[in-house]
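Here we start with a single chain on its own, the form predicted alone, put down as structure tokens.
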């Protein structure tokens, strides 16, 4: 694939090209935190962000959506699916979030194909950007998901000073830059990219040893750390888990959802909806007659962390990409990298 460079001051030219064919979303900073929002002007774009509160997962697997509507006519129910086919471009996605989308791609297509997710995915262009400043909570280098990217993008940007290196990753990406007066990338551009990414990797201060971690986690289901997390706290200064579900809701790979019907008062029409759910909530594990597989908080926090450690679903893959959002938003200051140290035999502070 081809590679180019563009002066930062000329990024509005590239954005204008994107806006010709797509509704563009990118990182903005409306307040103290960054968020992915619609972009119509280069002045709104904030590419040097460290992290957003909510991941770009919201564009593919939204917090709440209507799947279809239904209506009773002539003693028969008719349905109408709520398929969205608008074309969007997400600009400025970090490597960890791209890897999270790749994990969601696999989940929503391997055992079954989710029409709603797949339709949004095929109508979305990903313009990623390599990180130049890590979040204080990030440990993406431990998970092999950052701070730089080598797959999963249509276009990849790298800050190399006064310019961005522009690398093309797909035919769609190549078509998007055609007609834009971009200069061919030079060897110097790639040397500067490599230098900056090495410096970036050294800035990451948080790590998690993933060697044999799924097996170690599965062999420590009765470890005292789970009771401490659920009832006592004390893992590196944390408080007991509140089972609030914040970690699940900001996680870029958590895909669990609930499905329910909403009926009109006439009882002849309604909608089927789904919304994000969390295994940290008490009701999540509840079954018929009021029994519950995970009534205790220690069981719920253990279940979530086993998923992140790669010990769930047969221990095939970790669902963590090291973005650190769960650590950032946790009101109890629970840090899963510290929990990983404890179950490896480390001491609690």
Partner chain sequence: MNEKPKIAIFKFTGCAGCQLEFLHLEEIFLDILELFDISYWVMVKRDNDETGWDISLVEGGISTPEEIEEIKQIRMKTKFLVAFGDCAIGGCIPSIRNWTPQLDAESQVYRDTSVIQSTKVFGIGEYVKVDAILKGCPAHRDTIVELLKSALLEIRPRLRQHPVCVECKFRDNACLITSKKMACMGPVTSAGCGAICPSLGRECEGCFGPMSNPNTSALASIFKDLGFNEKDIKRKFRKYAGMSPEFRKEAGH
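Positions refer to the first chain, counted from 1. Each form is matched to the other, and the largest set of C-alpha atoms that superpose within 1.5 Å is called the rigid core. Owing to the predicted nature of the structure, the values given are computational and were not obtained by experimental measurement.
Not on display, but discussed next: the form predicted together with its partner chain.
Of the candidate stretches 172-180, 123-131, 156-164, 243-251, only 243-251 has residues whose heavy atoms lie within 4.5 Å of its partner chain in the model of the complex. Contact annotation: of the candidates 204, 89, 143, 276, the single residue with a non-hydrogen atom within 4.5 angstroms of its partner chain in the model of the complex is 276. Interface residue remark: residue 281 is counted as part of the site for its partner chain in the model of the complex, having a heavy atom within 4.5 Å.
Residue contact check for residue 43: none of its heavy atoms lie within 4.5 Å of its partner chain in the model of the complex. In the model of the complex, its partner chain sits within 4.5 Å of a heavy atom belonging to residue 329. Among residues of the shown chain, residue 30 is not one whose heavy atoms approach its partner chain to within 4.5 Å in the model of the complex. Contact annotation for 49-83: residues with any non-hydrogen atom within 4.5 angstroms of its partner chain in the model of the complex are 53, 54, 58, 63, 64, listed in sequence order.
With the core superposed, residue 63 shows a C-alpha displacement below 2 Å between this form and the one not shown. After superposing the rigid core, the Cα of residue 38 is displaced by less than 2 Å between this form and the one not shown. Three angstroms is the minimum change: in the model of the complex, the CA atoms of residue 30 and residue 65 sit farther apart than in this structure, by 3 Å or more.
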